[in-house]
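In the form predicted on its own, a lone chain appears below as structure tokens.
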């Protein structure tokens, strides 16, 4: 498998005005739309500064969560996989990502069901892919996805996501090829055996959704202790605002498909 973060391309989607009504597990106030757009634009600009060619798709007002392109597909150098999102309100998004993906990937595979899988539950490592079971990814979907990953040459393992963690990657992210940042509830995940696991500082559990792009780690700017922890390991850290996307249960990895 190629490096899990040596990306050259990304596919994003601009937030629609309806995004302020995006799915959230525990209620809470709507995000501010102007702030949400500003966070998304800062994110796209950062990806471009880090050397990625970024395509930004038009907003989809009928699908409030469509700016989170990561949840509806997986992208690899060898091909892409169209997923089946676990939230019924997001199922229609897949049709709108098909053509943009086909323009960049000569091989396009697709889940057919009946199971479900969200991209937010998929963690790529250097030697395999972990599929986390959650409220949005069931075992039937995980098993179908594992078969499709096998067709692209990737080995998959299925893991349990702890209660209270929305997506597997809500609770963990890749620091480097051998090191995981994880919330305490996920630190003992058996699929992390053989890797070093660094736990999030107390009170900064939402910081676990880091995103490594080449030699830089993107981290929510509110999480000063996590940023210091990562910087102390000699990794370049880029803080980004995530206040508004956090209102709709999202983080840094959600806003792009990368390959």
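Positions refer to the first chain, counted from 1. Just so it is clear, the structure is predicted and the values come from calculations on it, not from any experiment.
Quick note: we don't show the form predicted together with a small molecule, though the next part is all about it.
> Looking at the small molecule in the model of the complex, is some heavy atom of each of 82, 142 and 145 within 4.5 Å of it?
No: none of 82, 142 and 145 comes within 4.5 Å of the small molecule in the model of the complex.
> Select from the listed residues 152, 166, 159, 101 the one whose heavy atoms reach within 4.5 Å of the small molecule in the model of the complex.
When the small molecule is considered in the model of the complex, the option within 4.5 Å is 166.
> Would residue 65 show up as a contact with the small molecule in the model of the complex if we use heavy atoms at 4.5 Å?
Taking the distances in the model of the complex, the answer for residue 65 is yes, it comes within 4.5 Å of the small molecule.
> Given that the small molecule is not shown alongside this chain, does residue 236 nevertheless sit within 4.5 Å of it in the model of the complex, heavy atom to heavy atom?
Residue 236: no, not in contact with the small molecule in the model of the complex.
> Quick check on residue 70: any heavy atom within 4.5 Å of the small molecule in the model of the complex?
Output for residue 70 is yes: heavy atoms within 4.5 Å of the small molecule.
> Would residue 75 count as touching the small molecule in the model of the complex under a 4.5 Å heavy atom rule?
Result no; residue 75 lies far from the small molecule in the model of the complex.
> Tell me which of 125 to 133, 166 to 174, 101 to 109, 184 to 192 has residues with heavy atoms within 4.5 angstroms of the small molecule in the model of the complex?
Of the options given, it is 166 to 174.
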